[in-house]
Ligand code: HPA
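Here's a solo chain for you in structure tokens, the form predicted on its own.
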């Protein structure tokens, strides 16, 4: 188990010296969803490239910025982009936004991502509240990360997504008249999209959507005691669900198309937590 306190001591000390306040709510913005950071009042923005020891994001649609913002008197820390396992990073590097949020004082975390739709009742542009995660392909990395290799260790069964935070999100969607889908998110390591055969396999595991992020962040946040929930933007049909060729440009274009609906939902959630 890696000691993140020592590994990221320089990162945390740097951000504590730069932060204009102690955040209470953290939001990690996934592919194509980063524009939300420009829609609320920001007190200070920091490029992750200016933070010593912070891993660089290499994916289009992940700007690599941290914003200290405020909305409805709520103090926020927003991560405009994340780093992924498939970029060649270790699992402990992929959870750095969660670790930062926790160390700076945030006790609530909203994860967002772009995902491929498996449930045939979904359409590109839908927003899906994650009701459960399937991280079977990353179990060893997760247990190594949080030190839960002992079957008798405490916190082996983590509360995620957090039921009260999920209820807030559902009520916010109802209030804003947003058709919020619900479903299971299945994690794959990437970097390639899944084959049609793999999607048929994943579907048998009860998955409604598939993506390459979020699960490790959610598990680690729950382990730290944070209240965590997650929303997927269904940006495309997974391979084999439709005849359309998959591309990252489709992901970012769809996310851009629904950014106003996404922003309305997230603002309502912030106001209500």
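Since this is a predicted model, take the numbers as computed values, not measurements. Residue numbers count along the first chain shown, from 1.
Heads up, the form predicted together with the ligand isn't pictured, but that's what we're talking about next.
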Can you pick the one in 69, 218, 238, 66 that has a heavy atom within 4.5 Å of the ligand in the model of the complex?
-> 238
Sort through 203, 194, 141, 87 and report the residue having a heavy atom within 4.5 Å of the ligand in the model of the complex.
-> 194
Interface stretch in the model of the complex with the ligand - options 113-121, 165-173, 94-102, 71-79, non-hydrogen atom within 4.5 Å = 113-121
Determine whether any heavy atom of residue 30 comes within 4.5 Å of a heavy atom of the ligand in the model of the complex, and answer yes or no.
-> no
Does the ligand come within 4.5 Å of any heavy atom of residue 251 in the model of the complex?
-> yes
Taking heavy atoms only, is residue 34 within 4.5 angstroms of the ligand in the model of the complex?
-> no
Residue 231 within 4.5 Å of the ligand in the model of the complex, heavy atoms | no
Counting only non-hydrogen atoms and a 4.5 Å cut-off, give the residues of 207-226 close to the ligand in the model of the complex.
-> 210, 211, 212
